[in-house]
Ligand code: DNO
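In structure tokens, the next block holds one chain alone, the form predicted alone.
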């Protein structure tokens, strides 16, 4: 697999020199300075690509073209934003960027309640705490009808949790949930998030899925025409937040998208951390079933807790059997090579990383510190090198038999 690294542009505290030092060869990035729904021109894309190539790296994945809320609701100016999305897609394709990751999460993007969860190792991780989230939704945001979305036991714990917080803690919790995390498509205030949640009040899972399918039916032919593969990112976390529909959370969701839009451009960003936050997702089975349409990979791990909470684990620990998953993905690459596919090699990146060593106390983007990701990439690279040395086909047969 191509060893990728997410980079947020010239203002990223992790520089392209750092990326090369980490041993990555490919960059995963986007035009984060043009993130308001405007179309990216080919010149915009080429300027950004030149920055990457000047560092002797390759821009192999765009993560992400922002998907405006009106596209997800198919109301208001959604036509304008879809047209701009397609224009950006064309610009990327003509500039030689072969893969585009995107998401279809309503209102909030990837969400955590704590950004500096202290681990037994003394490093720090990202965490989603279900009781803290419910406390915010029900008791701080005071969303209409929120209580009906949660069991009584969890509501009691949310009340207890909020009672233990001072105003600073409540403010930090709100900031973590709604103020936007790196790569997200929206920054909210309490008032704006209430208003946007209301815009989705008439949209259930079925309607949300139909809106995603309608979007894909428009953009997939464009992607095919310009030689781009699309990979929808799973919901993170892969269950409803704020009572809103999330429709890229399970294997059934993935099957529905493939059945509705049978285009080679229509595929998935396979994120082991996002899918792994649900106990009913069999990650290895998903990797094997979706393999021909996996266009991009995020490798990270989570440790789940009984109430739905989770935190980011070491890359080789947690819920995902990372060794067998990598074997399955490399076996898919081997199959593609035998077919003569131009996209045989899949770009992966070590997703998220603990804050450790000299990064503690430094300015870093949450989840995207340098040393934690470097450590994760080195561990994942070790697995890939071992698989290459021992033989993909034989290992894949052995893993399938276990």
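Source: prediction; values computed, not measured. Numbering follows the first chain given and starts at 1.
If you look for the form predicted in complex with the ligand, you will not find it shown, but the lines that follow are about it.
- The ligand in the predicted complex is not approached by residue 99, whose heavy atoms all lie more than 4.5 angstroms from it.
- Within 4.5 Å of any heavy atom of the ligand in the predicted complex lies no heavy atom of residue 124.
- Looking at residue 373, you'd find every heavy atom of it more than 4.5 angstroms from the ligand in the predicted complex.
- The ligand is not drawn, but in the predicted complex it has a heavy atom within 4.5 Å of residue 105.
- The stretch from 106 to 114, 315 to 323, 283 to 291, 75 to 83 that comes within 4.5 Å of the ligand in the predicted complex, counting heavy atoms only, is 106 to 114.
- A single residue from the set 238, 183, 93, 245 has any heavy atom within 4.5 angstroms of the ligand in the predicted complex; that residue is 183.
- When you look in the predicted complex, the only residue of 347, 64, 69, 364 with a non-hydrogen atom within 4.5 Å of the ligand is 64.
- Residues of 280 to 307 that come within 4.5 Å of the ligand in the predicted complex, judged by any heavy atom, reduce to 298 alone.
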